[in-house]
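Before any questions on how it binds or moves, here is one chain, the form predicted alone, in structure tokens.
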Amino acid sequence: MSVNALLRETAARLLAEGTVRLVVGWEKGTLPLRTTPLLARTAEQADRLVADATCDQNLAVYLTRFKDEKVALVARPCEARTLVEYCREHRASPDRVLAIGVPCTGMLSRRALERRLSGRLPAAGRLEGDLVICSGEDWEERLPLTDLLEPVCYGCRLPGADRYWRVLGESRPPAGDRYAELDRFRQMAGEERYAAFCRAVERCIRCYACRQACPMCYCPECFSDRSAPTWVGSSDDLSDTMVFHLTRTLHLAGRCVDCGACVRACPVGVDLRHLHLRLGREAEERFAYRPGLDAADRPLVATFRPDDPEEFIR
């Protein structure tokens, strides 16, 4: 039985038996090689569920909207790491959320596909084994999926199997160094890094898509929306935009699960992973802390150990 068939059968049974009232997953979208979130409440709706490399939204973001219902979450490693953080921060409970683990070998990068197609818009597209097949009126391209994966997928960290209520297959994310791009960025001179940061921030249009897509940005009122007092200006001034991104990065220190939802949501292609990976690496190297892997750990910023490094204290 295929993963999709097994997923639909599992979800339909959970809903029909009343074990859960809602299944959060993906369904086929209206555009080629795209999916959209599906909130299934009936077995018939669950029959639309899919799980493959085109599923690129982190669906855990929906869990905070259904706090009083028993929910099943279709989860890859991205969603599972987020669920760990939600349990750690008391935003979700294992008694209320059943995680259905689906296998993941990486997510298809829309931007990488657009580059390979040189601006051509596919009228149809499908996954066939390890190939991405796109076609138009008078053309067809057969491209290796391994060449079109999201950068965030390389070096993906897998939570333990105890995070899942049921596992429908084994995840095999591509191997790689998740800090490789960050290391290249850090090798630049300070002035060069700052100039690169300015160029990236200048493209930001302050649409807040990164904030809305991020599963860890669940505050009822964001600091950037406060008007009494005003924490950050709402203009497109470079300094205001920098303050927004840097402050948001600090709020995610030790919490970002590196799912890449913010990067994929950005309409102008601002890559925020450098900021989040930098603080994530600090947390790992200084405090042996890795978010999203063990719900028994206390949050980084709520933990003190006598042997914590304190060289920053003056």
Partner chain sequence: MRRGEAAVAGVILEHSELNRILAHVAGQARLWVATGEGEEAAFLPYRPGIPLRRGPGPTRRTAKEIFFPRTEALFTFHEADGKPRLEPAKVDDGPLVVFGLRPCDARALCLLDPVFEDPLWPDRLYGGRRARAILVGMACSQPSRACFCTSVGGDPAGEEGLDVILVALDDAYLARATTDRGAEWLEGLGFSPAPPEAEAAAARVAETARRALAAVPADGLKERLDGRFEHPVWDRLHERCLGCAACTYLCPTCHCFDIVDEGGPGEGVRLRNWDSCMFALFTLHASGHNPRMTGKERMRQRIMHKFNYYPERQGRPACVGCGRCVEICPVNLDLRQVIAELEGVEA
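Keep in mind it's a predicted model, so treat the numbers as computed, not measured. Positions refer to the first chain, counted from 1.
The same protein has a further form, the form predicted together with the partner chain, not shown here; the description that follows concerns it.
Interface stretch in the model of the complex with the partner chain - options 175-183, 149-157, 83-91, 206-214, non-hydrogen atom within 4.5 Å: Result of the contact check: 206-214.
- request: May I ask whether D47, R116 and P299 each come within 4.5 Å of the partner chain in the model of the complex, counting any non-hydrogen atom?
  value: Zero of three within 4.5 Å in the model of the complex.
- prompt: So in the model of the complex, does any heavy atom of R142 sit within 4.5 Å of the partner chain?
  reply: Answer no; every heavy atom of R142 is more than 4.5 Å from the partner chain in the model of the complex.
Interface membership of D236, the partner chain in the model of the complex, 4.5 Å heavy atom rule: Taking the distances in the model of the complex, the answer for D236 is yes, it comes within 4.5 Å of the partner chain.
message: Residue-level contact is defined here as any heavy atom of the residue lying within 4.5 Å of the partner chain in the model of the complex; does G106 satisfy this criterion?
response: Flag for G106 set to no.
message: Residue-level contact is defined here as any heavy atom of the residue lying within 4.5 Å of the partner chain in the model of the complex; does T36 satisfy this criterion?
response: Flag for T36 set to yes.
field: in the model of the complex, the residue from L121, M188, L127, A196 that sits within 4.5 Å of the partner chain by heavy atoms
entry: Exactly one listed residue reaches within 4.5 Å, namely L121.
field: Position in contact with the partner chain when the complex is considered in the model of the complex, options V61, A283, A53, L252, heavy atoms within 4.5 Å
entry: It is V61.
message: Where, within 5-34, is there a heavy atom within 4.5 Å of the partner chain in the model of the complex? Residue list please.
response: Residues within 4.5 Å: G29, T30, L31, P32, R34.
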